[in-house]
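A single chain, nothing else alongside it, follows as C-alpha cells in the form predicted alone.
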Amino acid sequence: MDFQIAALLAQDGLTNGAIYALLALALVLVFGVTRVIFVPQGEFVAFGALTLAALQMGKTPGTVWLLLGMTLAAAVLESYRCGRAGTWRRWPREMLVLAAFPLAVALASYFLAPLQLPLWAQVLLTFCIITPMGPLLYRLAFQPVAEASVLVLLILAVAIHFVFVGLGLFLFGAEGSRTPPFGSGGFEALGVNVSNQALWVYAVSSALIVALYLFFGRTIFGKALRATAMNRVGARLIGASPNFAGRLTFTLAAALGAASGVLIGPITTVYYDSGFLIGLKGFVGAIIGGLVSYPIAALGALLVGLLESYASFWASAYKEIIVFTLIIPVLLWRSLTTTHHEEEE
C-alpha cells in the first residue's frame, strides 16, 4: 500500500465516519434523554435516501403514506386520552399541534413530487416528510411505556425496527436506489482527488454537529434536554416535561437520520433494509462513547469509518466482522472499569 492508496482509503473512511458520527450522536441523545437504545435509527436513514430518490423520479414517496398512517394512529390515541381524562376542550388544540404539519407536508408532497423540483427543494421536502415521524413514533410507541425498564424499551425498539423494515419493503420494494451527487468534480490535494460529494458530507456533518452544540449550550430547549438526561425526576420538578423532552429528542434523531440518508444516498445504493447495518456502525461509535459522551461517540464513529475503509482493502470479505469486533474490547474495558448496580425502579 502506497501513500496515495492510503490517502484514498482515509478519505472514504472519513466520509463514511462523518455520517456514522451523526447517527452516533442521535443514539447517544435518545438514550440519554429517554433511556431508549434506538434500534430503528437506521430506518430513518434508509427512508431519507429512498424518499429523496422517489422525489427525483417524480413519484410521491411511500413515506408520505406512512406519515399519514402514523398521524392518524396518533390522533386516535390522543383522542382516547382526552376522552378518558375528560379534557375535550383541549382536543382541537392537541389535534392542531399533532396533525397540522404532517397533513400539510403530505398534501404538498402529493402535488409537488411530479413537478421535478430543484435538488434543494427535494432535500427540504425529504426532511419535512421524515422528521415528523420521530415525535409521532415516540407518541405511539414509547411515551405510553416511558417509565418501563431499559430492557423493555430495547425489546420494543427491536420490534419497531422489524415493523419499519417490513413497511420499507412494502412501500419501496426490494430494488435499491441511488441519488445523484450534490456536486460533480473535485480537486486534487497531495496527489489525491477529493470529490465535491465528500466535501458536502464533511461540511454538512460539521455544521450539524456545531448546531447541536449550540442548541444544547445556548437554548432553553437544549438545556431542558440536558436536565432530563441528567435527572428525569429533577427535570420534572423544575417544570421540564419528560414527554416533551422525548418528543423533541425523537424529532432531532429523525432529522439526523434524514440528513444521514440524504448524504449517503449518492455514495452507496440504499435498499429498504440497508439502514440497520448503517445504524449499527453508528451504534458502535456510540458504545465507544459509553452512550453518554458526545465527543467520544463522534470520534469513535470516525474510527469505525476508517477501520471499515482499511479493512475493505486488506480483507474485504471480513470487513463487517472486523468493524463489529471493535465493540468487544470496548465493552470488556467498560465492564471492568464501571461500577455495577441494580437498576432503580
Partner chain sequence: MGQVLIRLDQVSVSYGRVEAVHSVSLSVAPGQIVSVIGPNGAGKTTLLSATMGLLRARGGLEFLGENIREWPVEQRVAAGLVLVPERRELFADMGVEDNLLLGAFQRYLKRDRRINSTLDEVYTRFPRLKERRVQLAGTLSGGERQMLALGRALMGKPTLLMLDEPSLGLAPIIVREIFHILAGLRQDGVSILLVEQNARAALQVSDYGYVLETGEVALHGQSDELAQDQRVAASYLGAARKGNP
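Treat the numbers as computed from the prediction; the structure is a model and nothing was measured. Numbering follows the first chain given and starts at 1.
In what follows, reference is made to the form predicted together with its partner chain, a form of this protein that is not presented.
- Although the partner is absent from this view, H161 stays clear of its partner chain in the predicted bound form, with no non-hydrogen atom inside 4.5 angstroms.
- By the criterion of a heavy atom within 4.5 Å, N231 is counted among the residues contacting its partner chain in the predicted bound form.
- Its partner chain in the predicted bound form comes within 4.5 Å of no heavy atom belonging to N193.
- When its partner chain is considered in the predicted bound form, R226 lines it closely, a heavy atom lying within 4.5 Å.
- Heavy atoms within 4.5 Å of its partner chain in the predicted bound form are found in exactly one of 241 to 249, 67 to 75, 200 to 208, 268 to 276, that being 241 to 249.
- Site annotation in the predicted bound form: the residue of L151, A100, A108, L237 reaching within 4.5 Å of its partner chain with a heavy atom is L237.
- Proximity to its partner chain in the predicted bound form, defined as a heavy atom within 4.5 Å, singles out one entry of F221, F187, Y213, W91, which is F221.
- Counting a residue when any of its non-hydrogen atoms is within 4.5 Å of its partner chain in the predicted bound form, there are no hits in 299 to 324.
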